[in-house]
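Below, in structure tokens: the form predicted on its own, a single chain.
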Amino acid sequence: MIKNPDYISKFWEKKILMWETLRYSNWLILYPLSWTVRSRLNRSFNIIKKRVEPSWSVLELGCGSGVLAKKIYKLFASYQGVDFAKNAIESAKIKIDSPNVNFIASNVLDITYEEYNLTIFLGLTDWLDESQMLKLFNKINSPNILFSYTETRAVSKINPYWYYRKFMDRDIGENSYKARTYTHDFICNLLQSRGYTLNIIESSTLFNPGAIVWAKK
């Protein structure tokens, strides 16, 4: 996986808004690759509603144009969103105008993390290699984290996602920047090494390779 920040920034500015349209637009609800992402969003929203306190401060990494933020920002005392793509951040600022909400365009691996009650990242882990995952979890400064990851064992030929990764998201050489999967054991070991107690809310299945995790210190 390449790590050139300029390339990655341009990649996401080209990709993210169209990606969100294909996954979340009502008129594309039957798009084969959208249902798992929609499910992840809805399940995460329900988890957040049940577990958070109104006084909490929340940090979302890889917030995109604020799709999740628009659903949750009124539940918290403050919300901070961070994303690599400047165009997505500008779109998020238009969507949500609140004194308790802030968005910044930055590399999530480069910023200094202040303390938040909860850190959220849905989809971000798909685009980080193992060394970047370690760096991210070293930087997080929250007693609670909610995140998703794509589990290796669930990405099979039964799932349309397998075909997407094989034919549309394929490795094209040393400059390839593609999504990746993780094993359950890797995630468990990573969390435990950082002092988190693992609480998997939604495990992956053969038809939905995305797992949703809540972990707590």
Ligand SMILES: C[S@@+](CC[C@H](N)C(=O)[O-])C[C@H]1O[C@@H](n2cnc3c(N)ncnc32)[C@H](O)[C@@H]1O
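Residues carry their position along the shown sequence, with the first being 1. Given the structure is predicted, the values throughout are model-derived calculations rather than measurements.
One more form of this protein should be noted, the form predicted together with the named molecule, which is absent from this view; the next part is about it.
**Message:** Against the named molecule in the predicted complex, would residue 24 count as a contact residue? Criterion: heavy atoms within 4.5 Å.
**Reply:** Yes, residue 24 sits close enough to the named molecule in the predicted complex that at least one of its heavy atoms falls within 4.5 Å.
**Request:** Spell out, yes or no, whether the shortest heavy atom distance between residue 84 and the named molecule in the predicted complex is within 4.5 Å.
**Result:** Although the named molecule is absent here, residue 84 would touch it in the predicted complex, with heavy atoms inside 4.5 Å.
**Message:** I'd like to check something about residue 102: if you look in the predicted complex, is any of its heavy atoms closer than or equal to 4.5 Å to a heavy atom of the named molecule?
**Reply:** Residue-level check for residue 102: no, no contact with the named molecule.
**Request:** Answer with yes or no whether residue 16 is in contact with the named molecule in the predicted complex, where contact means some heavy atom within 4.5 Å.
**Result:** It does: once the named molecule is placed as it appears in the predicted complex, residue 16 has a heavy atom within 4.5 Å of it.
**Prompt:** in the predicted complex, which residues of 35-56 put a heavy atom within 4.5 Å of the named molecule?
**Reply:** Result: 40 alone.
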